[in-house]
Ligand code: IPM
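The chain below stands alone, shown as structure tokens; this is the form predicted alone.
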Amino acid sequence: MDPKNAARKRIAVIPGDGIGKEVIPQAVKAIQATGAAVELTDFDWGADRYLRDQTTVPPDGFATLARDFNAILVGAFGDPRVKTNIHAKEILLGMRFKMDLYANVRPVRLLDAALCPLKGVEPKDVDFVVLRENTEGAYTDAGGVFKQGTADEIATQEDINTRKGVERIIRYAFEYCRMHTKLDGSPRGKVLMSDKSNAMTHAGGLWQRVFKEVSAEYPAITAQHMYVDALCMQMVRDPRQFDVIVTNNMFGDIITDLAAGLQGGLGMAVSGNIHPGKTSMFEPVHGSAPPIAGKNEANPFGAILTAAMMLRHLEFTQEADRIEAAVLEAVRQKKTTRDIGGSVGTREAGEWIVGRLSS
């Protein structure tokens, strides 16, 4: 039998480094507390293994994930003991590029008004999604360094944009808008493409042309455009105006960290790395945070909410709803870590969620 077609969905779990090793176990416990029909398998990919035997990804690693698992839950990568960060690059970017997970989906949702630094903003006002192209752009590492260490040193970093890559993420954005609703049940109706085409004319011109062509196929959805610098200003000025935002790899990375500030910080932010119909990967976006690793201070809610996003993707809708409701109640009762107003540790916050799900 194909392992992916078994009765129980198979999930690969890769905690990684730093606080990933603290928050992902809390997410796993939350998944188990829902009773979802899943089978969880741990992988030890990360800095510890790399330092032990120089392995970043085993030779058949990505093929195994794609063949044998329905989804992947990832923690964070980055460890000061690995100066080059080679393991993080080969594991995380390797999954995105080699498994062709082209749509980075980052919902931006405010659970409680107390978490937002903007005055007068309610949860209904911050409910949009950023779709980031995930396999091209400046992160392909195309380019190089010439005459390194001299006064004549030259460094180039190529921004790669293909017609195929741009079109599929823009089309994904319109399909996402068409198929998803807001938290209050109202339909989504706007797709905004953001670029810097007034300065980056070659890549921006491609994005502009493709966006115009694809948007014409979706007349019921309003197509909008903003330069990325203007978008950053407007996200802070009035997040109510946004619905679905689509942009390139680098801009998507930057604006979603800004967006995380609207929902309580990086400790509350979630993401999915999606290729429709294929094994997809889900990760909180906070990074490995070495300064607080091992101190029981990291906010586990980003990881727990990422687990809910993954369960929803696997069609465990009720289980995902229960996790999200438990996190909302924890925020309201301040059973949270200090970064969002509480006074408990990572483990205690996770245990409160598990208790809520088990009651």
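Everything quoted here is computed from the prediction, not taken from an experiment. The first residue of the sequence shown is number 1, and the count goes up from there.
One more form of this protein, predicted together with the named molecule, exists but is not displayed; see below.
Though the named molecule is absent from this view, in the model of the complex it lies within 4.5 Å of a heavy atom of just one residue from Leu92, Ile221, Leu231, Cys116, which is Leu92. Only one of Ile160, Val105, Leu101, Val285 lies close to the named molecule in the model of the complex, with a heavy atom inside 4.5 Å, and it is Val285. Contact annotation for the candidate site: Glu167, Tyr172 and His275 all lie away from the named molecule in the model of the complex (no heavy atom within 4.5 Å).
Proximity of Arg96 to the named molecule in the model of the complex falls within the 4.5 Å heavy atom cutoff. When contacts are judged by a 4.5 Å heavy atom cut-off, Asp253 counts as touching the named molecule in the model of the complex.
Using a 4.5 angstroms limit between non-hydrogen atoms, Phe242 is distant from the named molecule in the model of the complex. The named molecule in the model of the complex is approached by Tyr139, whose closest heavy atom lies within 4.5 angstroms of it. Heavy atoms within 4.5 Å of the named molecule in the model of the complex are found in exactly one of 232-240, 185-193, 209-217, 277-285, that being 277-285.
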